[in-house]
Ligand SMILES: Cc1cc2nc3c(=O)[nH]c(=O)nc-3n(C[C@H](O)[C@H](O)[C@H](O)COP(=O)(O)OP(=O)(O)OC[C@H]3O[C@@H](n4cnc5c(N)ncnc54)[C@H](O)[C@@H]3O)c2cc1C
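In the block that follows, a single chain appears as structure tokens, in the form predicted alone.
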Amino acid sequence: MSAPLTILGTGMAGLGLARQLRAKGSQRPITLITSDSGDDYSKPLLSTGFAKKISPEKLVARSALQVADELQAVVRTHTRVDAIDTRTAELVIGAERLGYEELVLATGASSRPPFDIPESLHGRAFTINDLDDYRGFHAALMALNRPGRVAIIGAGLVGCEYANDLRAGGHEVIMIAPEDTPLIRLLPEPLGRVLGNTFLEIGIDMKLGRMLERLRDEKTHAALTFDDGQSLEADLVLIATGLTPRLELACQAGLEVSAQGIHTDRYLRTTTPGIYALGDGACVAGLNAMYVQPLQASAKALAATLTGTLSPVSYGAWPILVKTPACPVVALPPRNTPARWRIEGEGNDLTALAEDVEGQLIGFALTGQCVRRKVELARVAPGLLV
């Protein structure tokens, strides 16, 4: 039997790795440790629940106990690891010291608002990055016993998906962001305008090009004031201003890190022997890719390495499907700044091709009916890590 494996994190990365190992027939003992409930769920489904009237509990595919039984693993829930002692190969969990032989960091990323949330607003202002977060937001919205008025801070991927979902679920939505168009990191401006105009058409109040200056509690609602002096009221505030890799444990343990994540090579090995990293918290060969396809590729490659076949991870072309049914969007963002975007189509059906100085395709973005081109274009677009 192989040496025991300890995995920190039971999100898509941690559970995905454990399942890949079992699929390869590995019988090695596995311990999964998580600070949350450990329930198995599909994270992408979180931003589809309100339109479909799905409760948080219905999003759970398996409980932590069922996961443990399925994987024949030990699953420790609501357990916070305080430190990693690489000298003794031990995890520090309060007064407990738990030894490990091989360790995988699948600790993901966290939502970190760019401003402090007043303590009095903790029942009205939320971030959503996992099922437990979603449970809290869902409970607060349902407690209103009426359609809610939700202010979403941020017009990126998470903000846009929740805006579309909440509006489809019958709630009033206001989107606030400093950018002039949504999804600025994925879409060139003309395609961003298409998405923004569609949001306006379905009743989302778009307040772009402005910064939130103040957020305060008014007992019955939250009050938001902007840099242009305007203000508004909302029942709840959803802060969707991006994710930051969780680096605390890796930093404390002396692993090499940067703002991009825990540094690994293409075999997912960190700078400390016996410790690996994958998922949203990992910077693999200089690239952090917080999307499902790279995560799945990493889990598959690391499982092969851990079962004796040294396998570098490779990210092919992985188009991102944005869950905004009001205006379908698919994007394959180029790794480097394109020399130009070549835009084709009309109305809401646009294709934007990112080209380098030699006219080679290095990425693309699609809206409306043009999303049907995703397979065609992905076949000729370069992978980000190959």
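The first residue of the sequence shown is number 1, and the count goes up from there. From a predicted model like this one, the values you see are computed outputs, not experimental measurements.
The following text describes the form predicted in complex with the named molecule, which does not appear among the structures shown.
Peer 1: Just give me the single entry in V81, L103, V313, L71 that has a non-hydrogen atom within 4.5 angstroms of the named molecule in the predicted complex.
Peer 2: It is V81.
Peer 1: Taking 4.5 Å between heavy atoms as the contact cutoff, choose which of I30, A317, I33, A326 touches the named molecule in the predicted complex.
Peer 2: Partner contact (heavy atom, 4.5 Å) among the options: I33.
Peer 1: Tell me, please, which stretch of 194-202, 259-267, 166-174, 286-294 lies within 4.5 angstroms of the named molecule in the predicted complex when heavy atoms are compared?
Peer 2: Selected stretch: 286-294.
Peer 1: In the predicted complex, is there a heavy atom of the named molecule that lies within 4.5 Å of any heavy atom of A13, even though the partner is absent here?
Peer 2: Looking in the predicted complex, residue contacts with the named molecule include A13, since a heavy atom lies within 4.5 Å.
Peer 1: Is there a heavy atom of T107 no more than 4.5 Å from a heavy atom of the named molecule in the predicted complex?
Peer 2: Yes.
Peer 1: At 4.5 Å between heavy atoms, is E161 in contact with the named molecule in the predicted complex?
Peer 2: Yes, contact at 4.5 Å.
Peer 1: Quick check on R246: any heavy atom within 4.5 Å of the named molecule in the predicted complex?
Peer 2: R246: yes, in contact with the named molecule in the predicted complex.
Peer 1: Pull the contact list for 115-150: residues with a heavy atom within 4.5 Å of the named molecule in the predicted complex, in sequence order.
Peer 2: Residues within 4.5 Å: I128, N129.
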